[in-house]
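In structure tokens, one chain follows: the form predicted on its own.
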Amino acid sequence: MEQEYYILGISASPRRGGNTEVLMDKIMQGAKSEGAIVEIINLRSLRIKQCIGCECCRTARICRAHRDDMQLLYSKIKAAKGLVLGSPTHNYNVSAKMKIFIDRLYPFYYFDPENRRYRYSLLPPGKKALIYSVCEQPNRENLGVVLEAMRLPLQALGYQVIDEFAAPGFFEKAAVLKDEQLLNNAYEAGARLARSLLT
């Protein structure tokens, strides 16, 4: 059963204690301040293999090609009313870990056997999400397609992406800790996500 106030955070940085993780912590602190139950998953600590496009999950409703740690996340994704995705910008896109995670969400789609172009999400309705990315370059344009690469798959799965933000100009480990306004913005974004789950 879906938990009304459970928010799952997926951090896709390969760097422990880096800017993506610092901002995820702030976002979740904001969500907790509104009474949300939160959990953060750091993808770098999990063994998740890439999708091989076998499409067995279309009927099995779960990936049977791989017995890996993604199996542990499917139930959490179903249960979480809120989802936060955070990725550093790697070559104008999401990190490899985030791309693999997104691709492995394929079991949550239903495809009409008579017309595979017709599909819909098998996830419970009413889910909401927040996405963000950190970029070394100072200009937002240097994020490339990173936010779009997270937003579009979530929307296709029925999520309402209520907020997204970028943090350009940060590279050194945990450099975002020096930007009080950015930290406050991340905290408030998490609080807004939590509040939105009850509306």
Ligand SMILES: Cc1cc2nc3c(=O)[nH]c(=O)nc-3n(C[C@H](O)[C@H](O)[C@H](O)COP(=O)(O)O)c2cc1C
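Residue indices: 1-based, along the sequence shown. Keep in mind the model is a prediction, meaning the values are calculated, not measured.
The protein also exists as the form predicted together with the ligand; that form is not presented, and the subsequent description refers to it.
Point to revise | One residue of Q160, S33, Q50, Q137 in contact with the ligand, assessed in the predicted bound form (non-hydrogen atom, 4.5 angstroms) | key: The option sitting close enough to the partner is Q137.
Check your understanding: With the partner removed from view, which of 41-49, 168-176, 66-74, 24-32 is the stretch that lies within 4.5 Å of the ligand in the predicted bound form, judged by heavy atom distances?
Key -> Of the stretches listed, the one contacting the partner is 168-176.
**Study point:** the ligand contact in the predicted bound form: N91, any heavy atom under 4.5 Å
**Key:** Contact check for N91: yes, within 4.5 Å of the ligand in the predicted bound form.
Point to revise | Contact of Q155 with the ligand in the predicted bound form (heavy atom, 4.5 Å) | key: No, Q155 stays farther than 4.5 Å from the ligand in the predicted bound form.
Review point. Given that the partner is absent here, does N142 sit within 4.5 Å of the ligand in the predicted bound form, heavy atoms only?
Key: Yes - in the predicted bound form, heavy atoms of N142 and the ligand come within 4.5 Å of each other.
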